[in-house]
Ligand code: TAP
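Next comes just one chain, in structure tokens: the form predicted alone.
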């Protein structure tokens, strides 16, 4: 990020411990989603040659990195973690400029990344194995986990700092080397993440970062036969494509994909608390959490009161640049994203949903040059509508009504996604029945659908995920393979 206003910085890849341009010198421009006319940086459009160089570096660095003790590897990561805390404000500004979220939301993402990284470092220092009693006398039977080799991490633009931390930390502490390709909408966040490790003295080649498109650099990385594991967060369609590529040579994949997350609100819920949680989960980060609440299913008896409470909160949101402390709703991440969301809104109108608020590209002072969409709420939505089934990934909430608990659960589960869900009720029995019946990898009772903690795994089911989940104890499990040993030490 340039520290000189009015200048546009040209950035470089990080390969084999050196910052370097694309092999052919080609560059992509990034535009601030709050001011599309403003170019915020130029980034390497990495070629096949650049990808090969990054994998070459990771492959060469792997034996020495693998042979270090976990404690020695952990010392490097702890130094990067300390730098993360020191650079919070700098990194938060980069996130906001590239993604659009408010500075408060960007700071929150960094806090989450620190917690994730702390947990995974300590998880890597715990025993990665177990001893089991043998059926034979004088035999020691045990199993342990060992690293895979060179791993590819492809991170998303919606949480461009937290997700690389959640993926790269367990990979590195376990003894793997990594090639990171950040999303093309947020390249500088990936480079700032990488810079932490470079400045912490991480040996050359252990972590490499290349920028560029998913169809270009990303595809080349996925097809390199030396890649032993692929961890990807992004859309379901791209995840399916990655799975198909990887299946041809039995490469393990970890795919965190789309969501269409429901909140169920029963008649005995605390309506003020539920409405606040619904508005937060629907509109925070401009609705661009994969765990955002995009559908709320409300008991008919309380639907009118609940919806009015949500609308009141939506109408208080202040749109603007995320750099403005007064802003509570920033832009969506780029012109194409804005076009996609507005297309879904128009489809909702065409199919007969009732627009209750919003529904337009926001205009006015400070907004005309940006990707701002009014917080949008649809009522009278039925489960067959496009806006009820497809991931919109924007500040759009669909409201359904249900006659009772069973109908609410049926509506909640009636999509192809299964990432997150929540229910608001004071009835313990119905809360536990919801936990049992909800088709989601992450569920909540009287809490927002996006909440998570680093000590537990994170991953979806159905078309929201595939492979071993991220985070928690499974974070390192994905980046390692098991080995079993039997040692006979006496006759």
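Positions refer to the first chain, counted from 1. Just so it is clear, the structure is predicted and the values come from calculations on it, not from any experiment.
Below: the form predicted together with this ligand, not depicted.
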**Prompt:** So in the predicted complex, does residue 374 come within 4.5 Å of this ligand, heavy atom to heavy atom?
**Reply:** no
**Asked** Any chance residue 331 has a heavy atom within 4.5 Å of this ligand in the predicted complex?
**Response** no
**Prompt:** Quick one: is residue 419 in contact with this ligand in the predicted complex, heavy atoms, 4.5 Å cut-off?
**Reply:** yes
**Item:** is_contact(residue 65, this ligand) in the predicted complex, heavy atom dist at most 4.5 Å
**Value:** no
**Request:** Choose from 83-91, 131-139, 251-259, 405-413 the stretch whose residues reach within 4.5 Å of this ligand in the predicted complex, heavy atoms counted.
**Result:** 251-259
**Asked** Just one of 208, 106, 162, 158 has a heavy atom within 4.5 Å of this ligand in the predicted complex. Which one?
**Response** 158
**Item:** Interface residue in the predicted complex among 398, 233, 169, 102, criterion: non-hydrogen atom within 4.5 angstroms of this ligand
**Value:** 233
**Asked** Three residues, 14, 149 and 175; all within 4.5 Å of this ligand in the predicted complex via heavy atoms?
**Response** no
**Prompt:** What are the residues of 380-414, in order along the chain, with a heavy atom within 4.5 Å of this ligand in the predicted complex?
**Reply:** 391, 393
